[in-house]
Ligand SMILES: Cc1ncc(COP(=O)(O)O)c(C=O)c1O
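Here we start with a single chain on its own, the form predicted on its own, put down as structure tokens.
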């Protein structure tokens, strides 16, 4: 790829835009006060006990240096014990856990450990952008597994033998961002068996392990693959513990996969700041009522936003998990999901995420992030209703 007198790698041609960058520009050029529902960045505070650990670490010069793998042992132990308590799966903190700078780092780097140029990754469409970006950086090819309402689960039966012969990895993520779809344990068992049969690595991106409502508990991939035969699962503290800005997550899984991911990671970065790891370990090992209370807040927001949208005539399903709503565009709106989101933020200040930013199958939808209190979500719905009424008049509806 050429820009002026400079030459850049061809892989950059696949990375020209992303949904969050596109909406960041749209928000910046809006003349309205912004109600930002486009980014799933929690507005809730991190756990106080975790923050106390971080404050303590900041005053300790011994925490200020580079951190290598062996220095992460206390965090890895806390992460392993969290997974064991929650899912009943035994985890070796030395060989089956790797700290990450957020789970996105895992999805971005794992293709570098698995794919040679031209190999295929099987990815959900729509899906999370970092799943796609890592494959492009590795020189891999993408086979899209189209997701459709009502269940938003992929069908493995339609994948051609030519693709399967060159496929190395399958990436799943349930509860699903952006569609809010959920996967039963039987589906995970099917996916594990499929990967075992075809020699694929199964990567499960699992940010919403806790964000589930009405007694629903999302299964871990290890409930379907307890021997960790083909699986790697990625966790983050961004959602359950509201530590998104601290960039802390971890991978758990097959020791060979953990070793491969560590090989890539160790030549690209040191490990997260020791004080952040201490805070994260406290969050994972401390009282979990904080998580329970946060989930109830997100459920309240879900119910308030679904009702407020229904009040303006926009009927959106109430999801069983995640911190999002996945809403089909109004039938009378003739533009794309990106057009809708740009028009909406410029005319009302309400920022949503266009479904097309998550893949071709996301076109026709928009995503709401429930990152404001119910009164703000209701205010946003009223503004959307006024915009909607105006756009209906423009098309003679």
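Positions refer to the first chain, counted from 1. Source: prediction; values computed, not measured.
What comes next is about the form predicted in complex with this ligand, which is not displayed.
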{"query": "Contact assignment for this ligand in the predicted bound form, among 231, 220, 177, 240, heavy atom within 4.5 Å", "finding": "177"}
{"query": "Candidate from 102, 154, 181, 134 lying within 4.5 Å of this ligand in the predicted bound form - any heavy atom", "finding": "102"}
{"query": "Contact label in the predicted bound form: residue 207 to this ligand, heavy atom within 4.5 Å", "finding": "yes"}
{"query": "Non-hydrogen atom contact residue 298 with this ligand in the predicted bound form at 4.5 angstroms", "finding": "no"}
{"query": "Residue contact check: residue 247 to this ligand in the predicted bound form, 4.5 Å heavy atom", "finding": "yes"}
{"query": "Residue 128, heavy atom within 4.5 angstroms of this ligand in the predicted bound form", "finding": "yes"}
{"query": "4.5 Å heavy atom contact with this ligand in the predicted bound form for all of 173, 236 and 324", "finding": "yes"}
{"query": "Proximity to this ligand in the predicted bound form (heavy atom, within 4.5 Å), stretch among 112-120, 199-207, 144-152, 253-261", "finding": "199-207"}
